[in-house]
Ligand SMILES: Cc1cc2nc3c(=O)[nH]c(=O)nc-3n(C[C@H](O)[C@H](O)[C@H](O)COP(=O)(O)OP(=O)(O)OC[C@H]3O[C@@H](n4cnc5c(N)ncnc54)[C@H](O)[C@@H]3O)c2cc1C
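This document opens with one chain alone, in structure tokens, the form predicted alone.
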Amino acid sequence: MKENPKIVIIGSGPCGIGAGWHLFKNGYNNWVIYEKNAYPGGLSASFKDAKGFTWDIGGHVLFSHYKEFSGFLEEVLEKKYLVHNRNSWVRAIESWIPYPFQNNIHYLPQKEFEECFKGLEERSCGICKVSNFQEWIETNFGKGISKYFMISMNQKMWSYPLDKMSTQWIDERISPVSLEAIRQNMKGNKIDSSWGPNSTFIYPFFGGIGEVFRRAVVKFRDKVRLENQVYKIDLDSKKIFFKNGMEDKFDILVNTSNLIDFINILYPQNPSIVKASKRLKYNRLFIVGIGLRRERKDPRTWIYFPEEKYIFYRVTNLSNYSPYNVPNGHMQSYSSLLTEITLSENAPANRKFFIEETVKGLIDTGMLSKADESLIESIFSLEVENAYPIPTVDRDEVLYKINEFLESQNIYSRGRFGSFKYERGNMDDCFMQGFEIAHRMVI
């Protein structure tokens, strides 16, 4: 490695900002971030619409496993954030069940509760070897929970066959279940909702989740080049070409964009690597935000909807996160709901249909009344091309081959879609992937 190498970072989402933050804090100067959009943040950006509502790209919240990310948040937000306890629920079988569903099945109607409890008693957990995610669900949760929540919820969220997904990613993503804990919860009709790293989270007071990255960029504004989309990278000359005609050279390249797309702009192309990248799978997302001209008194943070009759899989009470997610912070006059609809990689997105079905579903669940249709002040919609990288059964084998090739070229692919690992796709994980690769390169 040459002394004082030129480090180029593609993307200003959490991972790209994490890399830049480490370089900035350590006084390293020979680096730059290129971002295709006119704003930083990537999938963690936020938008303020013409009516004054602020929208995130999905139900994002901030929590941290790492002191470096916690310190970053404290510095950039300057205490201008709110702290929330998760108050999440599931809507199923015409009932509201506290999340995690599997820990609170005593909130189900009696028939379905008995079916779920019996399934837990009869499950083969620890006995059968499983080869895919669907088998893991059925083995660990039994027939009832699998039927009423786990299978349908995951089919809806992933839009991909569960029997073609691996199990290595699960860890903190799905709460384990204990029969003894359920028995104890039943005695006092207790809600068991403390599981998981996001049981307590913070949220910026102003500007939505994207405020974090807007504030970070201010610290090193001269190092961030917005509206610069890469269309070709020459591996021999270590040169990057942009759609606006610009060019730049690199010694080290950190990619945080979709790994599949990135492989396709590398020249000369490596047919074996291009072929391998086509085995990677991901899904897409369609966001519908409903801004209401009335207050909604609903303390819940977000709700999951596993049943097919509702088009969305999750609804976030976004106005609960900060009063300034509604016009002028007037919570007594406005409220907002953010819904998420997943799509398979090539499924068409019908905006009109999605909006109509979203409003209908919110009314059917009682989250809105029929009269609320006339109080809809704003409708926000956004098609998100990259939502979740899917942990397929052969993903790790593919990633090993691709990363071995990239790193031989001094290219390091990190972040939710750069690493293509869903289990490392939260903001704290993505930030740390960038932070750690920058540390490795210059320290």
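From 1 onward, residues are counted along the sequence shown. Treat the numbers as computed from the prediction; the structure is a model and nothing was measured.
In what follows, reference is made to the form predicted together with the ligand, a form of this protein that is not presented.
Enquirer: Of the residues 406, 399, 390, 57, which one places a heavy atom within 4.5 Å of the ligand in the predicted bound form?
Expert: By the 4.5 Å criterion, the partner-contacting residue is 57.
Enquirer: Contact with the ligand in the predicted bound form for residue 102, defined as at least one heavy atom pair within 4.5 Å: yes or no?
Expert: Taking the distances in the predicted bound form, the answer for residue 102 is no, it never comes within 4.5 Å of the ligand.
Enquirer: Is there a heavy atom of residue 256 lying 4.5 Å or less from a heavy atom of the ligand in the predicted bound form?
Expert: Yes, residue 256 lies within 4.5 Å of the ligand in the predicted bound form.
Enquirer: Does the ligand come within 4.5 Å of any heavy atom of residue 10 in the predicted bound form?
Expert: Result yes; residue 10 sits at the interface with the ligand in the predicted bound form.
Enquirer: When the contact criterion is heavy atoms within 4.5 Å, does residue 313 count as touching the ligand in the predicted bound form?
Expert: Within the cut-off, so yes.
Enquirer: What stretch, of 372 to 380, 24 to 32, 391 to 399, 58 to 66, brings heavy atoms to within 4.5 Å of the ligand in the predicted bound form?
Expert: The contacting stretch here is 58 to 66.
Enquirer: So, a 4.5 angstroms cut-off on heavy atom distances: do all three of 208, 335 and 367 pass it with respect to the ligand in the predicted bound form?
Expert: Negative, none of the three is within 4.5 Å.
Enquirer: Can you tell me which residues in 213 to 251 come within 4.5 angstroms of the ligand in the predicted bound form, by heavy atoms?
Expert: Sequence-ordered list: 228, 229, 230.
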